[in-house]
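Heads up, the chain below is alone and in the form predicted on its own; it's given as structure tokens.
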């Protein structure tokens, strides 16, 4: 994954990620058009596919709705890097195949507009702009498979089709 960083602070809740007034749809493209609009009204128009969100503590706090990671992923964000995540947001992101990385050092070191490259399998985040590298725990193999298939539902479907039990 390689893109530019969009920086946000602490306690970015799911109502900031996708405002409740848009929860009458589950269409990913429609949710993407309103992603982060209460924090940055032009976010959805300015972001380029592959860009990354970098945030401080407790990213994704608030409600347990899956709309939030769906909106982020559909907007073209390749991954989210934060000092920490709300537990339910973390789980929902994995379920829909949105890579997320907890790294206090990367969250502190990456600035808005920095070019960043992430190797989830190797556990490396490189800030190309600043020449810095941050180590994170690599995804376990099964989580890499979930991400590669675009989420938990497709991962399970594939396993059922193949007759795999484990």
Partner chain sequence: MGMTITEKILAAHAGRKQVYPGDLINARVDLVLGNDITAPVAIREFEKIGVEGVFDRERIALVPDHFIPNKDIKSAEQAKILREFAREQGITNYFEVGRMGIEHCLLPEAGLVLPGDVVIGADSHTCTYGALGAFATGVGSTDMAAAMALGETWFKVPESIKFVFHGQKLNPWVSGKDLILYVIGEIGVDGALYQAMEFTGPVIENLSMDGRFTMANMAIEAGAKNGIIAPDAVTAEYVRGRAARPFTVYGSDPDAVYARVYEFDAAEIEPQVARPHLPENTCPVSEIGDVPIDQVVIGSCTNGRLGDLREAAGILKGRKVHQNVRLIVIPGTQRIYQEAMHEGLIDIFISAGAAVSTPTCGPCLGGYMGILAKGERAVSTTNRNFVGRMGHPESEVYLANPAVAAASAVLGQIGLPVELGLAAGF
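Rigid core: the largest C-alpha set superposing within 1.5 Å between the two forms. Positions refer to the first chain, counted from 1. None of the values given here were measured: they were computed from a predicted structure.
Here the subject shifts to the form predicted in complex with the partner chain, a form of this protein not shown in this document.
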*Are all three residues 103, 111 and 126 in contact with the partner chain in the predicted complex, where contact means a non-hydrogen atom within 4.5 Å?*
no
*Could you tell me if residue 145 has a non-hydrogen atom within 4.5 Å of the partner chain in the predicted complex?*
no
*Decide whether residue 99 counts as a contact residue for the partner chain in the predicted complex under a heavy atom distance cut-off of 4.5 Å.*
no
*At the 4.5 Å heavy atom threshold, is residue 2 in contact with the partner chain in the predicted complex?*
no
*Given that the partner is absent here, does residue 40 sit within 4.5 Å of the partner chain in the predicted complex, heavy atoms only?*
no
*Mind telling me which stretch in 53 to 61, 103 to 111, 116 to 124, 129 to 137 gets its heavy atoms within 4.5 Å of the partner chain in the predicted complex?*
53 to 61
*Does any residue in 88 to 110 get within 4.5 Å of the partner chain in the predicted complex, counting heavy atoms only, and if so which ones?*
88, 90, 91, 92, 95, 96, 102
*Once the core is aligned, please say if the CA of residue 156 is shifted by at least 2 angstroms between this form and the one not shown.*
yes
*Determine whether the C-alpha of residue 12 shifts by 2 Å or more between this form and the one not shown once the rigid core is superposed.*
no
